[in-house]
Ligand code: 26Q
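The chain below stands alone and is given in structure tokens; this is the form predicted alone.
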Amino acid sequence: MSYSVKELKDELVKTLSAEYGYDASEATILQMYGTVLTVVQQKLLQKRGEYTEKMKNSDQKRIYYMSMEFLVGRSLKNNLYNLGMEAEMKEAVKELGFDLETIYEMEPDAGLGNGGLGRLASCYMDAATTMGYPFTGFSIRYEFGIFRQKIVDGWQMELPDNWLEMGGFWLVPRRDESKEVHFDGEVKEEWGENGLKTIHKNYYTVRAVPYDLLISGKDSDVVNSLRLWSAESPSSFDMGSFARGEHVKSMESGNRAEAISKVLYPADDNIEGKSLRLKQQYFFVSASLQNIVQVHLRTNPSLDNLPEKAVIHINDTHPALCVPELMRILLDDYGYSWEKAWDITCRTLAYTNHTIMSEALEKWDMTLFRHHLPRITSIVEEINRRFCNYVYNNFPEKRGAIGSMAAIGDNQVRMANLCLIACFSVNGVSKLHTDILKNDCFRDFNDIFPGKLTNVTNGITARRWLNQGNPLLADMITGLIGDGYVHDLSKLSELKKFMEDDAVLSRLGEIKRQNKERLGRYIAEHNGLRVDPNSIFDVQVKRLHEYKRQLLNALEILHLYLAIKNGATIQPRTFIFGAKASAGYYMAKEIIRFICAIGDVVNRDASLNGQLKVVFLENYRVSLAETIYPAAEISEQISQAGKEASGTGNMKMMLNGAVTLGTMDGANVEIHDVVGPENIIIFGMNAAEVNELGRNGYNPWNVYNSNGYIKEIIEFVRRGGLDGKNFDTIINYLLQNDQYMTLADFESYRQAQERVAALYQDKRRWNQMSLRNIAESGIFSADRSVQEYIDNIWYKNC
């Protein structure tokens, strides 16, 4: 499709009149916002209709991607870019007296995710759609997302993120395709004509109402959909209770149901939060699988061939209930035998593991699980019984490992084990991560199911993170090598021939400077702080967690601050943080407060002569990342080695020319391999050394007593150097409870930061490092990742 300025202008005028009853001269910016989104949505619906009709006669295998998060960010700019009509829309809007950039800024980020997991899912949807694959995402239509972060006196405050008020334009309701999901009740076994049948009784019902978010692809005829389920009660109002004067009670059933789709990841430091999380997971899994089965049966006589026609991919353990729920549907709704149902289930489901950390491998208390999901519990118990018997009878050498491999143990349901038992494929998300899964975490499973564990290194959509987020750099690259990289990111390697071209290197530095100035304007507006674009922009933006070690970065800032106060002169630095801490994660919130306190002291100290600034950008999100990444010069990827499965922020900053400062962890290992040791700054222990130190007994007091810098920093904080604020929690953590060995890596990190300062002084060399990182980033394309999933997992059995 192609659109002229006149055609779009006419459609805007017509829609504005039909929707609001105004012409452009009378319309408000809010009305024009709604009009532009409506016109673009109509284009998507038209393409979606044409694609759906085409798929009716297609035998192409369908991909269903199950994820609690899809961090899609803003949709308007992305859709205009993909549809090839951004320039024409900008001019049409301008001729009507409005500015498209202003309209872009009015759109909220969709409140459907939190971090890398959700953004990865969205990158894969974008890539698969561009590449022409039928890819449907399933998740929850969170009314308030996770939360809008506000920093008040250093404390993170969680406010409702009412994204639907302005972002709901993109959602297409499909109430006619609603599904019922059943909770609580009891399970009875009854004999009938066809033998023993399991009956779920006395449950309460929640209605799952679908809303479709249409996903466009670049230069593609395909429009896929992200189906989001909203929870409602079939009987949300009890007239009898209301008539008796029990007005609050009359709405209880509606409130109980609607709570399921209110907020992403409710705090789980209490039983109510745990209960709600479990119900969220089953709610969207059950509704989605019912939907998938319904779609399949429209063109197939039975579910016998489901594995040949569909693959259902479990993204992390949140949707692991796909395993027993698919079994329930096959057993209870369609009368399959256990053996046949298990065969279909095992050949249909695949699973991506995103962590090796035991606390992130979800486990559910059996009492809670049985209360809310009695039928699912009986199925999981039978899966576990049969698996344990299978191992005992066929692998006598593994009998001692049955306890750790079982789906049920220590009165808990182990969701990762459930996936490993059932799914035909289990993949890690970086080479290092997958090696750890095979050789450590899931070694016994790997021995029993050889070939099941595989690797697909994560990828990102450069069309979003380069072409849309960094148009200056994209234009330069297109001018040098053409635009073939838009659909084949490996073509960025052609930039290596310009490594000695001074004009190109100089232009690259100018573009970075302009992007730093843009971020500087944002910081001035939102933080009231002026930062120096001549300083190094050192960036660490990601979810706040102890293992990601924002604390290590904070300690280095204090070291530099104290060095300046003692008379040293440093290469000017601006340290930029962005991170949300889970609402119930106290230590993560303390780390935010610690970073903000450091910023308060550093930023007002005039004696530093502008050599050091610290910025914490609140409410980190996709649209803010699109401003941060192009400006980043140092990409902080400093997790303890062996803990970060992959990371994608490292890939996005690399694509935008930042140099990675990091440990040999996650995808940093693969970045190191492609750019070479001279174009990345590696420090600290590797995974083997971390494990060895752990076995020998890590004692942070030994590090404290042997390193004068650490002692100086900690005593400065202990004496109240941060405006007299008490951070004993941080100090005690570092000296007593830090399983991520922050102090052990500090000296190596400090020296690495010195190397950064020395390298940055040679601007030509720095720009060469930057260009090399851009040129080698093609390996981290989401298109490559999706193709590997297609070839090695999703279409392998076609």
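Numbers follow the displayed sequence, beginning with 1. Predicted, not measured: the structure shown is a model, and the values here were computed from it.
Not pictured, yet referred to below: the form predicted in complex with the named molecule.
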**Prompt:** Is residue 207 close to the named molecule in the predicted bound form, meaning a heavy atom pair under 4.5 Å apart or at it?
**Reply:** no
**Prompt:** Counting only non-hydrogen atoms and a 4.5 angstroms cut-off, does residue 114 reach the named molecule in the predicted bound form?
**Reply:** yes
**Message:** Can you tell me whether residue 548 touches the named molecule? I mean in the predicted bound form, with a 4.5 angstroms heavy atom cut-off.
**Reply:** yes
**Asked** Can you check whether residue 562 is within 4.5 Å of the named molecule in the predicted bound form, heavy atom basis?
**Response** no
**Message:** Using a 4.5 Å heavy atom cut-off, which residue among 645, 350, 495, 89 comes into contact with the named molecule in the predicted bound form?
**Reply:** 645
**Fill in**
Heavy atom within 4.5 Å of the named molecule in the predicted bound form, from candidates 659, 213, 289, 429, belongs to 429
**Joint contact, 464, 637 and 776 to the named molecule in the predicted bound form, by non-hydrogen atom at 4.5 Å** = no
**Request:** Look at the stretches 700-708, 127-135, 499-507, 540-548 and give the one with heavy atoms within 4.5 Å of the named molecule in the predicted bound form.
**Result:** 540-548
**Message:** Do any residues of 299-319 have a non-hydrogen atom within 4.5 angstroms of the named molecule in the predicted bound form? If so, which ones, in sequence order?
**Reply:** 318
